[in-house]
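In structure tokens, the next block holds one chain alone, the form predicted alone.
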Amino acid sequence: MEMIFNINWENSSKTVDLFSLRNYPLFYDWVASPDGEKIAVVVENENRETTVWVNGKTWENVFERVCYLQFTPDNRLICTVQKDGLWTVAIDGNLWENSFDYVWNLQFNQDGKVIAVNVKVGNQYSVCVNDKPWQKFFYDARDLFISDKGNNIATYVRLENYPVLDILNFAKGMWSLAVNESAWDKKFISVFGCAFSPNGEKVAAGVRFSNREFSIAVDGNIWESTFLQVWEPVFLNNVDVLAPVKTEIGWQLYCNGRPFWEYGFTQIWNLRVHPAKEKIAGVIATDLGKWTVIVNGTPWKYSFSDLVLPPIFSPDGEKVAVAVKDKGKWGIVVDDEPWSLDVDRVWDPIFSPDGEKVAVRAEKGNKYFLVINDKIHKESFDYLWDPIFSPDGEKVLLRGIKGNTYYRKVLKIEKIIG
């Protein structure tokens, strides 16, 4: 999901002294704002009261608990908080008017304007969006999904309240998907892998009928075929739905209930799509312990023994990069060409806007480094957040902690890669 940032690219450096945190017996969950201007952390005082510390100052409110601390793409600091036994959402220290017995799954959409949580009131469950609770409640609710534009919100809901050991009724199905309060009229043993179309108008999910009967439902309409198993679906565009499914010949890619790639694999999952180009990338296993990437039906020549993380498209859809682990060693591969990087751990690669540069944060010897196009920046940190490219791709924003100082730095890429 592409984030929207408001970053000052002319302000080359900023520091925040973290030494004052020594006054707190406990602090945890560091987060840095997307623009790099703020660093925040949950702190607990000697009275076991919890609050949020931001750039050396704490919020006025104190709480019993603080969870899900994070910054939205528009640089607002949000979290869920428990105060006087009830839970709600705090945004830059200001609390929602509505509170609940419990809230969880704090989520936001692509631009951060829509914020939602799952909520519990008594023995009923639902969703609250921008401080407005749904009017409809359910016997249970799990996971929360927001379309990129924030125009639709979905959650898995339980529509029946059978006793725990009522196996026969359980087998009939009691779970469904609720979109903007309205649940699908069909019930399943389980629902999983929810995905919205790029425009947010349609929604798809995997559904289970029995131990060996699975399918895909789109807006509540089930594909005609059932399968031995399915993984989460993705939209190829605003209409067509792809999903890995298990058939007699192995794992195949299906589209709208029919084979899209005729051949099968030992495994295929973690599909990613570039909607503008309608290009497809995924992770496949050609045999036990042989993992690789497949792009538009063509597998890469290199395979990896341990794992391949979900592939990432460049903004123009022309390139694919991925983090891999082979024989215990982490690495980055771009368009089937492995980097020579020798590190203990890597995170997801990040493309520059023009797709010509790839940046990643890496860890080696308990130190964190910025890596661009397989070249390691000489400066190390005790912790780093993911780098962010400038719109012209000539600079990169670095956010990190070294000792008792938080650093925000804007670096010229030419000085790193030459």
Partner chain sequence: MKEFKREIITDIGIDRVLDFLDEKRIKRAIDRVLSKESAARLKAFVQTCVHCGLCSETCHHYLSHDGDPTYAPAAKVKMTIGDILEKDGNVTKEDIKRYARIAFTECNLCRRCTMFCPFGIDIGYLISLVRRICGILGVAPQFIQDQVYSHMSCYNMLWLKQDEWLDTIQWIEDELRYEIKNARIPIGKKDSDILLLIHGLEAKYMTPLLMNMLKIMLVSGVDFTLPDIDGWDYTNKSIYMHDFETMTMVTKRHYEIATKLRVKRIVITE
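Residue numbers count along the first chain shown, from 1. Nothing here was measured: the structure is a model prediction, and the numbers come from that model.
Not on display, but discussed next: the form predicted together with the partner chain.
Visitor: Taking 4.5 Å between heavy atoms as the contact cutoff, choose which of K290, K132, R345, K277 touches the partner chain in the predicted complex.
Guide: Exactly one listed residue reaches within 4.5 Å, namely R345.
Visitor: Just to confirm, with a 4.5 Å cut-off on non-hydrogen atoms, which of F214, W223, F100, Y254 contacts the partner chain in the predicted complex?
Guide: For this set of options, the contacting one is F214.
Visitor: Taking 4.5 angstroms as the cut-off for heavy atoms, does W300 touch the partner chain in the predicted complex?
Guide: Heavy-atom contact with the partner chain at 4.5 Å: absent for W300.
Visitor: Can any non-hydrogen atom of D29 be found within 4.5 angstroms of the partner chain in the predicted complex?
Guide: Result yes; D29 sits at the interface with the partner chain in the predicted complex.
Visitor: So, N105 and the partner chain: in the predicted complex, are they within 4.5 Å at any heavy atom pair?
Guide: Result yes; N105 sits at the interface with the partner chain in the predicted complex.
Visitor: Although the partner chain is absent from this view, report whether C67 comes within 4.5 Å of it in the predicted complex, heavy atoms only.
Guide: C67 belongs to the contact set for the partner chain.
Visitor: At 4.5 angstroms, heavy atoms only, are W261, E337 and F381 all close to the partner chain in the predicted complex?
Guide: Per the other structure, none of W261, E337 and F381 touch the partner chain.
Visitor: Out of the stretches listed (233 to 241, 164 to 172, 90 to 98, 282 to 290), which one is close to the partner chain in the predicted complex, meaning heavy atoms within 4.5 Å?
Guide: In short, 164 to 172.
Visitor: Check each residue of 130 to 163 against the partner chain in the predicted complex and list those with a heavy atom within 4.5 Å, in sequence order.
Guide: Counting only heavy atoms within 4.5 Å of the partner chain in the predicted complex, the contacting residues of 130 to 163 are Y139, D140, A141, R142, D143, R158.
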